[in-house]
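Okay, so here's just one chain, in structure tokens, the form predicted alone.
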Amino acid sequence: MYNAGKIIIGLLIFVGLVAFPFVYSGGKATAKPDPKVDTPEILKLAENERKCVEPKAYMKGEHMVLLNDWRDWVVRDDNTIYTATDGKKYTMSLQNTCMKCHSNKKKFCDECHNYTAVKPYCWDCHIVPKEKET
């Protein structure tokens, strides 16, 4: 083998580059976010009103699908009323329905989106809500 030295050096550099993120982080995983739904706005609601438009498990995994559907239905079909699976009706509005209760964008939205490295485009069109100091 005439190029054995070059191949070995190349392999060592490759392994070093691949292993760098793991060594740099020290094997520590980022703490999984646990968004709290005890915002002052939610606590103001009566106990029987403290309910999202769909069950928590659905919203946790499918909220972006729901928001995309809402956008399409409102903008393209001029349909502004959403009927949830429990039969209750809601106005399809990110700012007036969702953010009314989830008023803590930094803790509720950003914490999970940063953890999953997702950059939602909601705020390209919508006005970013002002955080209330508590």
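Quick note: we count residues from 1 along the sequence shown, nothing fancier. What you see is a predicted model, and the numbers here were worked out from it, not measured in a lab.
As for the form predicted in complex with ligand HEC, it is not shown, yet the points below apply to it.
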4.5 Å heavy atom contact, Pro35 to ligand HEC in the predicted bound form: yes
Partner contact for Phe14 in the predicted bound form: ligand HEC, 4.5 angstroms, heavy atom: no
4.5 Å heavy atom contact, Gly10 to ligand HEC in the predicted bound form: no
Partner proximity in the predicted bound form: Phe20 to ligand HEC, non-hydrogen atom cutoff 4.5 Å: no
Within 94-114, the residues that have a heavy atom no more than 4.5 Å from ligand HEC in the predicted bound form: Leu94, Gln95, Thr97, Cys98, Met99, Cys101, His102, Phe108, Cys109, Cys112, His113
